[in-house]
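Presented as structure tokens, the chain that follows is alone, the form predicted on its own.
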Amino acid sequence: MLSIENLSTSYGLIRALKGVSLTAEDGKVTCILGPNGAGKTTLLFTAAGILKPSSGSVKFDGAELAGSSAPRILQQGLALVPENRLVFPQMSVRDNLLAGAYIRHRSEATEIAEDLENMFDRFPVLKEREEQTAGTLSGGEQQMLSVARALMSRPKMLLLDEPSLGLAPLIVDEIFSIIRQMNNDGISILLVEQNAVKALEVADHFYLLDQGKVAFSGTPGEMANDDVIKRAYLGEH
């Protein structure tokens, strides 16, 4: 379980997170919703060790991770899939996937090779593009590659930042189908997403983040009963 308590993170004098507390349970999909500038990406970056908090706690499976390096946090089992994919554009699809296993020991070479084939089985289009440079893939293919690269570290929990961003509706449906399948396979997911309708289709629990604070939390069913939140985040009037 990921447990975040009173987490604050700043960019210089700007406090992006202001005492955020939330939990993401094992085996569940937990969604972070909210408008642009709410602090959603900052939250994931802090949990993943890319940003250092000014105060607060980030515990994963009981181990305190706040302020730890990104590689150590990845070794603990938290893997970030960043917004806008951020694949290595000049590297092949295969080398991008192998880069996802960089924290694993060389003695695991056989297991890494097996995981590589598992990624090709899970994402057949990546097998077709195996030797193609990642920068030439479509947006949807790059998103699949970004997810598969993170899975190569054998994470316990994925931190997914806006996986539907900039993708066509049919591709968005495919990405959320992949999210559901990964969760069915036992991977816990903390999902940041602007598309609240799609996010709530896969969510077990959600938090609304606004101006760096948790404004609301509950289950998707509870959200549907709140008219204010429906108007603000689901576009219903």
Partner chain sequence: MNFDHIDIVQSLIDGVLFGSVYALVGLGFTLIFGAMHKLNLAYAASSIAGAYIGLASITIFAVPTVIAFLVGPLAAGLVGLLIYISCFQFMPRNNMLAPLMASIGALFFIDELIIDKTAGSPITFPVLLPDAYFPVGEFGFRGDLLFVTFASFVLMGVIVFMLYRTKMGLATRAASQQPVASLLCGIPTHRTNSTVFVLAGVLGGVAGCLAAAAVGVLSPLLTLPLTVKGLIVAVIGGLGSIRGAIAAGFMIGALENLFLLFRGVNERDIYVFLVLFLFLVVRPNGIFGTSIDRD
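Residue numbers count along the first chain shown, from 1. All figures in this text were calculated on a predicted structure; none of them were measured in a lab.
Although not depicted, the form predicted in complex with its partner chain is the subject of the following passage.
Using a 4.5 angstroms threshold between heavy atoms, D95 counts as touching its partner chain in the predicted complex.
For the chain shown alone, P82 is a contact residue for its partner chain in the predicted complex, at least one non-hydrogen atom being within 4.5 angstroms. The closest non-hydrogen atom of F60 lies beyond 4.5 Å of its partner chain in the predicted complex. Contact annotation for L65: none of its heavy atoms lies within 4.5 Å of its partner chain in the predicted complex. None of 208 to 216, 189 to 197, 45 to 53, 31 to 39 except one has non-hydrogen atoms within 4.5 angstroms of its partner chain in the predicted complex; the exception is 45 to 53.
If you check its partner chain in the predicted complex, you find no heavy atom from any of G139, A168 and I171 within 4.5 Å. Of the residues R122, K127, R154, R104, just one reaches its partner chain in the predicted complex with a heavy atom at 4.5 Å or closer; this is R104. Residues P71, L74, L80, P82, N84, L86, V87, F88, P89, Q90, M91, D95, L98 are the ones in 71 to 98 with at least one heavy atom within 4.5 Å of its partner chain in the predicted complex, listed in sequence order.
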